[in-house]
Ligand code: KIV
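This document starts with one chain, in the form predicted on its own, laid out as C-alpha cells.
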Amino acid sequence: MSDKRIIKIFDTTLRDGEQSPGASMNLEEKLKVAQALIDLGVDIIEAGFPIASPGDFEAVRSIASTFSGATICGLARCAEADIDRAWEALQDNPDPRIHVFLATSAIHRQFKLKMTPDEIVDRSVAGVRRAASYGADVEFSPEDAARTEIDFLCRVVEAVIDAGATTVNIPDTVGYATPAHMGGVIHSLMNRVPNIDKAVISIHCHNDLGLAVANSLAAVQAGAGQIECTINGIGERAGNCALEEVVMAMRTRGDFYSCDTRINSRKLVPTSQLISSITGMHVQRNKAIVGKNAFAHEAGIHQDGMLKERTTYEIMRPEDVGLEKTDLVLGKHSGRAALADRALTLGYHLNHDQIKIVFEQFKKLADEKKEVYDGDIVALIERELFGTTNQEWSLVDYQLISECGGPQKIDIALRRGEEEVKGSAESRKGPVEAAFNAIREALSLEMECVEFDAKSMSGGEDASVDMTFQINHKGEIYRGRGISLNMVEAAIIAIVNAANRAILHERVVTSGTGAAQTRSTI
C-alpha cells in the first residue's frame, strides 16, 4: 500500500447528487448523510451551494459547525456575493474549502455568459483571490472543461493556480468525454501548465454516455489526484461518477492503477442503502458493487465453480463492500451442487438419491418462480422426502369455483395407492372451510377443525405458503402441514396430512402395536 498513490475522494452527494429530480433532502437527512460520509472515509464533503437558498445555507453551516474529520466544502460562482455567503456558512469548520466555478467552453462563453476569453480569465482569478483572502482552501472548476479548447483551458488553469487555487477540478459537465479524450486533457494540463505541481488536479465526470467511471479512471491514469463522485452515482440527468464503483475499481485493480483511496469499503453497501432510503432512488439489481445481484450467482456452472473456489467467478469479496456473503441464488439455471450446498446450510444432509428427487421438483418450482428462497427449499425437502407414502392419502386434483359474495364450491380428488376418492362441498365462509368439508366427505372421517395458521415462507408476491392445520378426531388432536405456492392447495395438503395421521393412529391403536412410537410423531 505504501508505494501506491492515494487519490482523494471528493463526495458531492449533498450538492450535485441532491440536484437529481426528487432527491432533495431536509436538514436532518443531510446531517445523517454527512455523518455516513465521514464514517465512510471521504476526504472532502461538498455540503451544498450556500447562496442557492436559505435551506442550502443552513445545511452547509450546520454540517460545517458539526463535523470534523473531512474537509467541508461549499460551492460558489465567481461572484463576490456567492463567495462571501459560502465563507459565512463554512467559517466555523476547522478545514473549510470554497469551491468556485466559472464556465470556460466556447458554447458557454457565447450563449450563457456572453463574455470574452480575457473576461473569463479575469473573473476566474478575481473569484479565486477573494475566496483565498478568507484563508480557506480554494478549489476552482472551469465548467464544461471537457469541451473547452485545450489552449484556453491551460491558460485558465495556470492563472487560477497563480491566484491561489490549491485544487483545480476538470469537469465533464455534460458527460461528453470519452476515456481517451479525458486522459488526453489531463495529460496536456500536466505537461503544458508550468505551475501544475502547485495544485491537485481533480476530475468531475457526468454519466450521460455511461462513461463517468471510465473517464475518471482515465484521468487518474493521466495524473489526476482527486475524484469527484456521488454515492450510487446520483446527480443531474444520468448522474455522476459512482463513488463505490471508482473506489473498488482502483482497489481491485491496484496492480494496474497503482493507487488507492482512504475509503472504508466495508461501509459502501450500508451508505448506499442509506442514500437510497433517504432519496427514494433505489439502485437497479445489477448495479455494480452495491446492487442486489452484484454478488449473486444463479447459473449452475458459476455456482459449481464458486463452491469449489470463490475466485473462479468473483473478483471482489462481498465482505469487503459491506455485504455478509455471496448469494447463490437458486433459480431455473441452478445446478445440483448449489441445491445440495443450500440444503446442507439449512440442516439437511441429503444423499445422492435424495438430491436427485428434490432436484427434479426444484426445477419445476424454479420454472414457476423467479427466485427460489430458503423457505421453498425446506418445503420441497419436507414434501418430497418426508411427506406422504403409498399408505397415505395424497391430493390428486381439485377444482375451486369462487364467486364474490357467493358460495365457494370445491371438488377434491384424493388417492392412496390404487384407491381414489372424491369429495365436494361449498361454504360461504371461504375456500378453506369448503376444502375441509370436502376432505371430510371424501374420507368419511369424523373430524373437526381446531385451528389453522398460514404464513409466507419467503419474500415476494410469489412466496410459498406454509399452512398448518390442527384437527380433532375422536378426542385426539392431530396436526398437518402443507406448503404450496397456492394458499388453497397448501390448506388441502395440510388437512390431508392431519387426516393421514389420525387414520394411521387409529389403525395402530386397533392393531394394538406401536402406539407409543406413533404418538411421538403427532
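If you're wondering where the values come from, they're calculated on a predicted model, not measured in any experiment. Position 1 is the first residue in the sequence shown; the rest follow in order.
Separately, the form predicted together with the ligand exists; it is not shown, and the next lines address it.
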| query | in the model of the complex, which of 336 to 344, 93 to 101, 404 to 412, 122 to 130 comes within 4.5 Å of the ligand (heavy atoms)? | reply | 93 to 101
| message | Test of understanding: in the model of the complex, would L75 fall inside 4.5 Å of the ligand by heavy atoms? | response | yes
| Contact test in the model of the complex: P171 vs the ligand, heavy atoms, 4.5 Å | yes
| said: in the model of the complex, is there a heavy atom of the ligand that lies within 4.5 Å of any heavy atom of D137, even though the partner is absent here? | reply: no
| said: in the model of the complex, does S141 come within 4.5 Å of the ligand, counting heavy atoms only? | reply: yes
| field | Stretch 197 to 211: residues contacting the ligand in the model of the complex, 4.5 Å heavy atom cut-off | value | H204, H206
